[in-house]
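Read the single chain below, which is given as structure tokens and is the form predicted on its own.
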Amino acid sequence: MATKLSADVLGNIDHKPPKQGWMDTKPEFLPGTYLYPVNPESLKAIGAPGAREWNPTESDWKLPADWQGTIKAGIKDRLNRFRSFKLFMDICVRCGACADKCHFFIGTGDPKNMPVLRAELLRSVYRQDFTALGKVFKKMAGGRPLTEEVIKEWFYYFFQCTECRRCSLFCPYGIDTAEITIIARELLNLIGCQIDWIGTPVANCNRTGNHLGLQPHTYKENVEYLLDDIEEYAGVRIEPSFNRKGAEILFVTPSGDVFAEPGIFTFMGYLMLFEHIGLDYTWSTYASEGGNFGFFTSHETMRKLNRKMYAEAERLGVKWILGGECGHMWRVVNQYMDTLNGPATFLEKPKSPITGTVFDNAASTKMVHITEFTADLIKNNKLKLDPSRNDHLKVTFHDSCNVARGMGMFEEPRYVLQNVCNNFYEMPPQTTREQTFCCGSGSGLNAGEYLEMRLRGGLPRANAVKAVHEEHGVNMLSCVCAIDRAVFPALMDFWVPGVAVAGVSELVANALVMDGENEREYNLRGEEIPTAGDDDAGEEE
């Protein structure tokens, strides 16, 4: 845990590089700065190689026999399979345009968190063993041998990259360092150097369909528990269907939405929205995880987990898929689905049964984002809304990296928020939309033992929230990603106390005027809704 972390410590981050060369500077595995290794049983469960007990703080990592041969063969294989990987290894001119764009570099001051140098950790091995210049001139050509110390360095730093791709936005050559991190993690995965917060969720997703390992009946019971809360606070009883063949739409969302705050309030928001418009949909207890944790291990595992959603859609005979508020689910669907498992020709082009809008942008994947779907409902006047119910909130919006940079969705969530909230404020423009800063815990880094590094990585985003908190009194940070909802509460508590976190769909549900509802005295959190004239009802700017 982050026992030594304080605002004073982070306020004095030294961004000066060490005097010795980067190849001679080794990482220190201190508590709070590294992730626990994967449970070997989780690797065995999916047939992954290198399952063993090991500890990053010990000198001997018990690497498998011929681990060097495995890594080099893995690099060769990926150079042949992925043209982008080969290009990214060759075309960097070390201009440094990416250097100060990484949230981990800003929060740690560690030069190896500059994207250019993080990539160099792998590029140096590539140069030595896969280029003619490197084979002859070795270190003079920027090459270095593959040693166990290099593997330790990879493990330390490639799990300090959240694959957010902010650096790629500023690279004049278009180098996507996240793609390099993906390959580096694949290589580490070949020798069992995986982390538990990724490896065990992958095994659970493969086994039960969600990263928590919830059994189908437990998943259903969790949902039913939330139905009771909706009835208590809104006076409306909802009866969703599960695994129902013939429904028009399959709804898939991250399983984090069904078990922990504040995600459960977003989940309740989905239920109320669907009830409000009379949507013909069903949940699946088999494809009960939208988040694709395979994305952080290998392309093959990503493909396998992505396939679950589509296999279930085909089995149930739905027309198309509606997806909840998630980050990496959407990046996988938008950027990888077509070459992994698609196009999904067995489904229909998504068409809203309420408004008749055809979502041409989802013609191939057959999957529509809930926020895009909601924005269309509002635009066509299909929702009864009372935004004054959110007047006690002063709301800002965090562009989730995978939704913003990964699929280019910038305006839809803002349109929705401005229709369900009267007090909305943007964070500084250099931190929003395509330039958004990461939450600091994406790509499977949301582990408890990693809190210090998560808080450091989240510093730039927290600074932007602090700006609108101090200027406008913002007290609610909204987002459309389950990981964001999971990690932001701790980040806000540390950096910007007084700012809560909510999914966009929760704020929509607060404003929904439901048929048959009671007099809404409480929001979905069971908090009393201030009325006009109350001290807590919010003040106009």
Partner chain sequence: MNVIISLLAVIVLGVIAYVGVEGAGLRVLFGVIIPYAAVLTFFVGMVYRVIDWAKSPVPFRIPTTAGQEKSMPWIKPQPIENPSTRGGAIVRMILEVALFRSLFRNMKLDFRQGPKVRYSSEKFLWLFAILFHYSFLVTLLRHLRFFTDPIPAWVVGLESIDSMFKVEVMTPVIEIGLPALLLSGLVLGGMATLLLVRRLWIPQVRYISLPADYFPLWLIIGIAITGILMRYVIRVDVVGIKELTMGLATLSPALPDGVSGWFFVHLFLVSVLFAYFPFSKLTHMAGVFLSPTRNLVNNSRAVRHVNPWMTEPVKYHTYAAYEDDFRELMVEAGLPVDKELEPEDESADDKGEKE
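Residue numbers count along the first chain shown, from 1. Just so you know, these numbers come straight off a predicted model, no measurement behind them.
FYI, the form predicted together with its partner chain isn't displayed, but the following is about it.
- When contacts are judged by a 4.5 Å heavy atom cut-off, F346 does not count as touching its partner chain in the model of the complex.
- Contact check for I529: every heavy atom lies farther than 4.5 Å from its partner chain in the model of the complex.
- In the model of the complex, its partner chain sits within 4.5 Å of a heavy atom of T339.
- In the model of the complex, none of the heavy atoms of Y522 sits within 4.5 Å of a heavy atom of its partner chain.
- Among F296, F105, F267, F159, the residue placing a heavy atom within 4.5 Å of its partner chain in the model of the complex is F105.
- Contact annotation: of the candidates D391, E163, E153, E372, the single residue with a non-hydrogen atom within 4.5 angstroms of its partner chain in the model of the complex is E372.
- Candidate site formed by T33, G256 and V504: none of these residues places a non-hydrogen atom within 4.5 angstroms of its partner chain in the model of the complex.
- Partner proximity in the model of the complex, defined as non-hydrogen atoms within 4.5 angstroms of its partner chain, places exactly one of 269-277, 231-239, 301-309, 443-451 at the interface: 301-309.
- Taking its partner chain as positioned in the model of the complex, none of the residues of 52-78 brings a heavy atom within 4.5 Å of it.
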